[in-house]
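Single chain ahead, written as structure tokens, the form predicted alone.
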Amino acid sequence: MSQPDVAVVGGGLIGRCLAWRVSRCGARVALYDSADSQGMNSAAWAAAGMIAPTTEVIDSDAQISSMGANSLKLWPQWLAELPIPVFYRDNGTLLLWHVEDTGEAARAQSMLTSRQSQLCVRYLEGSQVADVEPELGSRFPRALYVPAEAQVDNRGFLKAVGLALEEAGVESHWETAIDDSNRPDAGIVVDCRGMGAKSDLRSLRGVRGEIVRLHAPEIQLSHMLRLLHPRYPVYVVPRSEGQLVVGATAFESDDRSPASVRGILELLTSAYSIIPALAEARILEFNTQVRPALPNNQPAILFDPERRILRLNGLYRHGFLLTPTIVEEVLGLLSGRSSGRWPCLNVNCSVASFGLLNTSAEMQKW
């Protein structure tokens, strides 16, 4: 293959998605990652795959929610273009709280009202909670229901995009570490290494997260569940084949060692308080990963014109929520169509002069 138009360094979630989408625009693309094609070393491997822009308003900047709402529209389009089906469900989220945490629920409601009053959030009371999610029975007298929020099977998606890269003829270099000494020769290099870019982005910090995967086929959840709690805001995400993903721990650390006893106890105790029947679930896996975050917990697109490197980083815990929108913005930068819609991305560049992507009618739909 001759010199590629775009070399993507980092084959985690955003890196492989960018390589896939750029290749669909007719550009020659090469992808490099220090791990194998499965993506097991990426933060996305240990994610719950939630696309929940409304509930993110509670603890994130309103721009993050707006970008997530845009991604929510893009996800079905992306999935329809993959070579194999990927589990996806958009039944929405139930926000739950115990009576002693009514204050936290009031805070969440206040944030939802003040930041995004136009969002559709239903207040449920009494039997309405069980009507929406029968598995909860009468344990929660009140809840907030956010319809249409979605989740995607994170590992199934990584696999499907890997296959799409093969079909598109992307030159994939797995198990190939890249640094300044062996940076690939390309029209532009896009650095999507996450924490791997720490030496170049000194402000990056790690946020450690832990998850548990359970097998509980007798528990039939239709919605994602989030517990509103000041210390343990756990989520329970139902997957296919009777699996559940339980997570939400966040420690300021770049420690990649196995899951801690404290973290797992917090997760399982909180999840059990939501669904006591989880006591009989089988533990399939404990996992942990470190997510890259910038000081403001917002993503950034940064361009180094001298070295022709475009850096995408700082997705924090919003990888699946933000990736389609950020990839769309980068496609715009590469083709001269930057939207400028997302100030929180801190876009400091214009790379359209490289002429790396065409602007044909075919490309306009991306």
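Keep in mind that this is a model prediction, so the values were computed, not measured. All residue numbers are counted from 1 along the displayed sequence.
Quick note: we don't show the form predicted in complex with a small molecule, though the next part is all about it.
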Query raised in the report: If you check in the predicted bound form, is residue 177 within 4.5 Å of the small molecule, heavy atoms only?
Result: yes
**Report entry** Contact label in the predicted bound form: residue 319 to the small molecule, heavy atom within 4.5 Å
**Finding:** yes
Query raised in the report: Any of the heavy atoms of residue 22 lying within 4.5 Å of the small molecule in the predicted bound form?
Result: no
Query - the small molecule contact in the predicted bound form: residue 211, any heavy atom under 4.5 Å - result: yes
Query raised in the report: Looking at 325-333, 39-47, 299-307, 65-73, which lies within 4.5 angstroms of the small molecule in the predicted bound form, counting heavy atoms?
Result: 39-47
